[in-house]
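Here's a solo chain for you in structure tokens, the form predicted alone.
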């Protein structure tokens, strides 16, 4: 494939139609209230619409019944309205430089000449679950669908940096993509990693999702993958990698995507943290996928409760399930293990009798990290991993 082009006319038509509908009252223009609306963007199936410019699209929970999330169902999160809709691989180059012995301009063929690395890893927006915060916080009001489990393939960032030759005294590595701010006053989205993190073996520049090219909305032609960390670091549509002799001071690290500097990353609800640090590793989390909240189930048959669980680079050791609101717990069966960065599916057989039930699931990872029963609050709406409650009726 020499060129990938999402029909810009169709793309802008989709976004423009949705924006117009919002302005006329058909779709709430900001956070869309409590009512969920669906939208279909290029290369995507019907996803839950949060905003159209820039696109913020959430994955319906039904797709999480699959161990691997299909490319067309992977959530979409852009910050800036000017996003790439066409990339010609004949001219695209990934520039690598800064405090290096040499500058590189890597074509896709060059990128593929490095050893290919593949693994399955959860990608999750930092604000996944933000709509559940009490008191409410500003930002995209994601439910549970700003995440996906994908098999990524690409070149080790370490190998790329080795070819460029990192000079002594280097501190950070920054990453910029093809998206750009609509106004000079808006900071470009540039992220960074400490050099020692950037040189870890599992950090890759991915050019494949599930053995196919990346969808345009998910970062074609290549994106950074930082498994175990939140997706704010997974810069899409990479265009430039820069090694820095000093700590990066860009807005999206120094001011944005920060959490309270406390062991839980939380503060008292409604309060302001005294000190913050950049968000990084994902918390341990479980999600009940089946049944959905409010579902009515037939009595006396065998019913299988199922869900997914994952952690920030540590495998899931155990998932326990309660059908009585937490009074008693039973151990779920864990599905196939796709590695420490992947989520694991879990299953809990149940023979329900008529009545109302509160279902809960709680995951624990291999180093003993688990989930709180009460929501941990911070003003940015990050790190949501409260033990979930699902109400169902058996009749």
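From a predicted model like this one, the values you see are computed outputs, not experimental measurements. Numbering follows the first chain given and starts at 1.
The form predicted together with a small molecule exists for this protein as well; it is not shown, and the discussion that follows is about that form.
Remark: all three candidate residues (79, 125 and 235) come within 4.5 Å of the small molecule in the model of the complex, counting heavy atoms only. Annotated contact segment (heavy atom within 4.5 Å of the small molecule in the model of the complex): 224 to 232, selected among 154 to 162, 311 to 319, 224 to 232, 194 to 202.
None of 217, 173, 288, 282 but one reaches within 4.5 angstroms of the small molecule in the model of the complex through a heavy atom, and that residue is 217. None of 323, 137, 189, 266 but one reaches within 4.5 angstroms of the small molecule in the model of the complex through a heavy atom, and that residue is 189. The small molecule is not shown here, but in the model of the complex it comes within 4.5 Å of a heavy atom of residue 257. The shortest heavy atom separation between residue 98 and the small molecule in the model of the complex exceeds 4.5 Å. Residue contact check for residue 177: one or more of its heavy atoms lie within 4.5 Å of the small molecule in the model of the complex.
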